[in-house]
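In structure tokens, one chain follows: the form predicted on its own.
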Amino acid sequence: MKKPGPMTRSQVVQVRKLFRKTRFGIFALFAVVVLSISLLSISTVSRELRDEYVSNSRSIAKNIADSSVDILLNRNLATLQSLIDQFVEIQSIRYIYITSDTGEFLAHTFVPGIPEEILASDPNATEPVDRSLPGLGDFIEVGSPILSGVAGTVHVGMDLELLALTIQRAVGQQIYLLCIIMVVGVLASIWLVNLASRPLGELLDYVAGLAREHASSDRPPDDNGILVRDDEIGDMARLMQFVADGADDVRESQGRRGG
């Protein structure tokens, strides 16, 4: 009994057509999974890092508020300015300003002057707010009251560009890994599909030989061991052989009656 030979070009083409939708479906499934996980990662990381940014900003604003109580009571504005200048050296902090309970700007780090959007905002607001300042960029600003707002409010602006870069680095590594998994998964699935299609090629070869036999009344086709397989391909081959033998018996019976 001969071992299965290589598939012919026509067989390969027909089998590829059979599994074309399967390959496309596998690729589409991996793409949807990678896209979904990427979007979820971007959303989750963005939300968590933003919350961390806001929490850090609140802590810094509260520290400044606690440190400036005595300074404000003594009306030592030069020391107050020196205090916020030290905090603004932190990488993520882009500006700080302190307002009194009446809305007067006591100290700030804006150069050369306070932007119009800041001047028009509520000086006593402490909730996080997104600001886009011309020439400076995009920021998230939080505030912390000094002596429960009686002595004023500290406002801290954090740079959203640095937040975006942090998110990009964090998510980029995950997406890079997911893309590698997708490529490896697609290649592995194609290999498995090709592996599964080989028995179909053998069945196609056997059926074609069986058809040639009955068309030319020539020798039986070489089954290449397909009839002894114990899977569905072997079952189909044996069924086809049974049908073909039955057709032969019918033709012989009709021939004898005709003779």
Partner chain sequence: MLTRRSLLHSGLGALLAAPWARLARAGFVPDPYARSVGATGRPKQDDEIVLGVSAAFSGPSRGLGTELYRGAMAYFNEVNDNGGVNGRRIVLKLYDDGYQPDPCVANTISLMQDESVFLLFGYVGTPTVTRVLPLLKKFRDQQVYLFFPFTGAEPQREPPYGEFAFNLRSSYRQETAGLVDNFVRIGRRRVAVFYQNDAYGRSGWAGVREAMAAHGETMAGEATYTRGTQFGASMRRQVEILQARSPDAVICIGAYQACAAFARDAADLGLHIPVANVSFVGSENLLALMREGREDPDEHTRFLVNSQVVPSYEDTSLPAVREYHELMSRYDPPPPDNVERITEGEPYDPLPQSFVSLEGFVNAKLITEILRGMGDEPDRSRLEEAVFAVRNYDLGVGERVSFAPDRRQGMQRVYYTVPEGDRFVPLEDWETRFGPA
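These figures come from a predicted structure and were not determined experimentally. Positions refer to the first chain, counted from 1.
Omitted here: the form predicted together with its partner chain. The next part is about that form.
Student: In the predicted complex, which of the stretches 110 to 118, 150 to 158, 174 to 182, 137 to 145 has residues with heavy atoms within 4.5 Å of its partner chain?
Tutor: Flagged stretch: 110 to 118.
Student: My question is simply whether T166 lines the interface with its partner chain in the predicted complex - judged by any non-hydrogen atom within 4.5 Å.
Tutor: Result no; T166 lies far from its partner chain in the predicted complex.
Student: Should L106 be classed as touching its partner chain in the predicted complex when contacts are defined as heavy atoms within 4.5 Å?
Tutor: Contact with its partner chain, yes.
Student: Should T79 be classed as touching its partner chain in the predicted complex when contacts are defined as heavy atoms within 4.5 Å?
Tutor: Heavy-atom contact with its partner chain at 4.5 Å: present for T79.
Student: Does any heavy atom of N74 come within 4.5 Å of a heavy atom of its partner chain in the predicted complex?
Tutor: Residue-level check for N74: yes, a contact with its partner chain.
Student: Using a 4.5 Å cut on heavy atoms, which of D122, D85, E127, D130 is close to its partner chain in the predicted complex?
Tutor: Going through each option in turn, the one that passes is D85.
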